[in-house]
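There is one chain below, alone, in structure tokens, taken in the form predicted on its own.
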């Protein structure tokens, strides 16, 4: 349950209770979080929904499949763990449709951050409410001294305390995250643990990430929320996580087609949606695709939208590649190891996850074999997949020395480059939910929505917001959205920040 009494509610337009009997039909392209959110929200209001997903599974980048290990075990595999933060209000509300108690999620007791010198920061036991959470973190951090606090450019740092959407983008989007932190004068060690870990969770080097995106992210997870920085994780493999929601969609009359990609769209009196040799007609379409899929569909649909809008879609960028390497060992890691460990200044390693601590498939295999299942993450990789994989294993051996003598029973890697990139200066041209085509809306974590959300929560929020736009056009009540407060929580600091406009960036 939410602990933050100051979370913001964004009411949906009001109208009729539902669209039942109107014959409205919508095609949703994409079965990730955004597509599932849009499809569910529409079906709950009596709209006939058909959802098409090109993969054989649902969940998009949070989806999963099965793989067979050398011992014959059929087990879950995915693109890596995801953190379900307590301030992901809209995502959690979506999951509650099929799992009211959120039994599929397990809380993580801590998420320690370690640097190259072995200094460790922890979030366990911190107060949840800003600014006391940030103050307590700084006071007990081995990487943040009183002298460091005195060196911080407080005028610039105040921008972190007065986040507003879209105002913060207007002020900071032209600066990259590294330059912004240089101007704030955070000590390098504290920067690694307090900021670089955040920026790399967007799969980007800080030099490629908008400073505004970093500021909004810090507001969402820390300075703007009283939910705390600890999170929950799925205790079921991702190939089972989304099935209950698909079944819930079916109970509302929705239809799900996996292994079927939307290829092109013809606008007209009704939309004609092409999926291979088949054409489906619809009153509206939700494009809830990843960057590549959205670019491809729009490029294959020459009659869709204005030239400027099409150029904005074509100009969407993807982040550098990332690698997830999952290893099944013949012996356990030390019991004192945390389920999750984040790293700063230890490239290419960003995260170690001990999956058998929470994932039911991994736990079952570990109990039977006496081994362990460990996952390594490298975001914004600069080398090849092979080089990165070898370096990840070397880092694991340094941090968890007991794995050096372990035998690897199975080894699976996922090398991908399909996450959206939010570069400096990109916000003004980021496509929003509405499009120039009546009845066509966009959703996904690459899509602009003027709320303080990110990652999975941005996907869920845009999916619900896209459904709301269509429902409002038909005079039907939509679904309220929730977010952390839309501006800094502390009025005196907001007042100070409002008079401390960030300096123009210096030329180098």
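Positions refer to the first chain, counted from 1. Not measured: the values here are computed from a predicted model.
Not on display, but discussed next: the form predicted together with a small molecule.
**Student:** Can you tell me which of 66 to 74, 473 to 481, 449 to 457, 42 to 50 lies within 4.5 Å of the small molecule in the predicted bound form, counting heavy atoms only?
**Tutor:** Careful reading of the contacts points to 449 to 457.
**Student:** So which of 237, 293, 254, 424 gets a non-hydrogen atom within 4.5 Å of the small molecule in the predicted bound form?
**Tutor:** Exactly one residue meets the criterion: 293.
**Student:** In the predicted bound form, which of the listed residues (437, 114, 261, 339) lies with a heavy atom within 4.5 Å of the small molecule?
**Tutor:** Only one listed residue qualifies here, and that residue is 261.
**Student:** Should residue 81 be classed as touching the small molecule in the predicted bound form when contacts are defined as heavy atoms within 4.5 Å?
**Tutor:** Result yes; residue 81 sits at the interface with the small molecule in the predicted bound form.
**Student:** Is there a heavy atom of residue 326 no more than 4.5 Å from a heavy atom of the small molecule in the predicted bound form?
**Tutor:** Residue-level check for residue 326: no, no contact with the small molecule.
**Student:** Mark residue 169 yes when one of its heavy atoms lies within 4.5 Å of a heavy atom of the small molecule in the predicted bound form, and no otherwise.
**Tutor:** No - in the predicted bound form, heavy atoms of residue 169 and the small molecule never come within 4.5 Å of each other.
**Student:** With the cut-off set at 4.5 Å between non-hydrogen atoms, does residue 466 touch the small molecule in the predicted bound form?
**Tutor:** Flag for residue 466 set to no.
**Student:** With the distance limit set at 4.5 angstroms and only heavy atoms considered, check whether 123, 344 and 373 all reach the small molecule in the predicted bound form.
**Tutor:** Looking in the predicted bound form, the three residues 123, 344 and 373 all stay beyond 4.5 Å of the small molecule (heavy atoms).
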